[in-house]
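Before any questions on how it binds or moves, here is one chain, the form predicted on its own, in structure tokens.
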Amino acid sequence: MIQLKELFDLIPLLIITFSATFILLIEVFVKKSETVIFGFTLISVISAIGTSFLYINKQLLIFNQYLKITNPAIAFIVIILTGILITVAASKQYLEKENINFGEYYSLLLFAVMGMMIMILANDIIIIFIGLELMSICFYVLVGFLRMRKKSNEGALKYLLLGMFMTGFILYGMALIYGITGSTNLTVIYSNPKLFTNFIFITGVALFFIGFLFKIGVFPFQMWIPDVYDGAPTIVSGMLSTAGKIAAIGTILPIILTLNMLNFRMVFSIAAIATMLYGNVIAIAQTNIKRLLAYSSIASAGYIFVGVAAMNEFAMKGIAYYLAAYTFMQLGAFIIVSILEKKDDGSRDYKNIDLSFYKGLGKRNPVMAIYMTLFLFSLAGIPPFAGFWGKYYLFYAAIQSNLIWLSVVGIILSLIGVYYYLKVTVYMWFTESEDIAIEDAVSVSGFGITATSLAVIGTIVFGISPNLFFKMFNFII
């Protein structure tokens, strides 16, 4: 029987749930409520982050074993909430610039976070599915939030149709898992070590994972990412590439490690190589900064799967650290793009997302150029930034599992990524602008600067002191 005191073990989730619902009421009953909703959302996310640390070192099974609280789960949730905090802080200026500053944006964002938190805390595959669908439905709407822009509608429709298709795989996989085990509870499923001798169970797990590989962007389920990220509001693209990916990884990683799927290590290794190769090689040919970052996101999914293939205790810590670093550097880069982009006169498309716009940016706007350079260096894995340590921990985890060849291939493919990151950097600092007309002044709000500064601080601080992250969540390295 569910006890009322168990609600106190879910304070961060309750804060997000209450806030997402209350925002809808504020919009109905308060005139010109956008500023109020913006401030309320910031306070709510900060409160959820603060209260999450109350559950460090608590191993809890609550609500009839439907939910499970662990240190890794709290770490993933805090990383997601931090990314959402930066996203919210950067959203106000962007939404006002695009004339889409509606209160439901913040409500959708928080409902998506609610789904992410449910997924990560879930100890039952049905609860995982509920959280996944709640997150996904909000994502579909947010991608199409630029309703007057053709690319936004196209991206939302593609994402919706492919997402629905992948949902079918998940449901069929759940049916097979339940048919063999007689339960949807993960604790019950974990207790039967002989399940991996059953072909139907293996098939069910594979189908169940396909939907999450789609959300993460692992090859060959990455086909939606470039078009969706390009069409979505830029600030939403940043959120999708960080928080959405983290939620999916935070859900399946404990399952993979607990089931000890060593027989499938080669499958994960091949997926990692194919994803890194596809993302890095295709990114070289991109002339659109949003699509370049989209393919970079695909490559990052490949790096993460190097850690997944390792399947050891160090892998969990390395992946969690990489995701924290990735949140700051990837989200920061997208925020810079959102600040700089500007519509063509008389057009609904953007002129400032082409790489040629970034030529000479160091002279036109040195602050934005410096910030972008820091993020690109970190994404490239250049020390002393957080991205370097993130890749180091992932490749080291693979070496610990005797996957030295996978680490070598990953490092080589990572070097390909250095090229297109440095290309943008060279454009900004060592190339003159070809079009004087695009050298427009860029106004940056205080919240926009705050959001990018938070991302920069995270990128630098966790790069200089990576152990700080592990101490925060009681991970020992």
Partner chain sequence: MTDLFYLVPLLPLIGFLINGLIGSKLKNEKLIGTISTAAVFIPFVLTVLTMSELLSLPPESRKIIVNYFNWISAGNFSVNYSYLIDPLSVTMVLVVTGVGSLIHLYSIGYMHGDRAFAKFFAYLNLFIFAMLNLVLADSLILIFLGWEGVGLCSYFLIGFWYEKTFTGEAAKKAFVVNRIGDFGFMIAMFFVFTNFNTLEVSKFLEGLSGYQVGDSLLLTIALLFFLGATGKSAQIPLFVWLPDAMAGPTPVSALIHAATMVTAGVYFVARTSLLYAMSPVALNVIFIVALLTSLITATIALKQNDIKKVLAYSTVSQLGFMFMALGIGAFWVGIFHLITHAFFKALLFLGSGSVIHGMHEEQDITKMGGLKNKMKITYITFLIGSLAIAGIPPLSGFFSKDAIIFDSFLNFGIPILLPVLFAAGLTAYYMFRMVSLTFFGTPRYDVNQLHPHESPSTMTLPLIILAVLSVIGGFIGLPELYGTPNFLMDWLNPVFADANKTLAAIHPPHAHEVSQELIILVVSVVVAVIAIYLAFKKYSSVKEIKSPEGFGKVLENKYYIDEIYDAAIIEPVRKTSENFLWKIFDIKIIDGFVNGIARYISNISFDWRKIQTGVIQDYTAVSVAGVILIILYLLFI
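Note that the structure is predicted; figures quoted are calculated from it, not measured. Positions refer to the first chain, counted from 1.
Missing here is the form predicted together with the partner chain; even so, the following discussion is about that form.
The shortest heavy atom separation between residue 60 and the partner chain in the predicted bound form exceeds 4.5 Å. Contact annotation: residue 54 falls outside 4.5 Å of the partner chain in the predicted bound form, judged by heavy atom distances.
The shortest heavy atom separation between residue 220 and the partner chain in the predicted bound form is within 4.5 Å. Contact annotation: residue 151 falls outside 4.5 Å of the partner chain in the predicted bound form, judged by heavy atom distances.
This chain is displayed alone, yet in the predicted bound form one of 396, 377, 278, 140 has a heavy atom within 4.5 Å of the partner chain; that residue is 278. The partner is absent here; in the predicted bound form, the one residue of 207, 355, 85, 180 having a heavy atom within 4.5 Å of the partner chain is 207. Contact with the partner chain in the predicted bound form, judged as any non-hydrogen atom within 4.5 angstroms, is confined among 207-215, 73-81, 240-248, 315-323 to 207-215.
By the 4.5 Å heavy atom rule, the three marked residues 202, 227 and 291 all count as contacting the partner chain in the predicted bound form. With contact defined as any non-hydrogen atom lying within 4.5 angstroms of the partner chain in the predicted bound form, the contacting residues in 163-183 are 165, 166, 169, given in sequence order.
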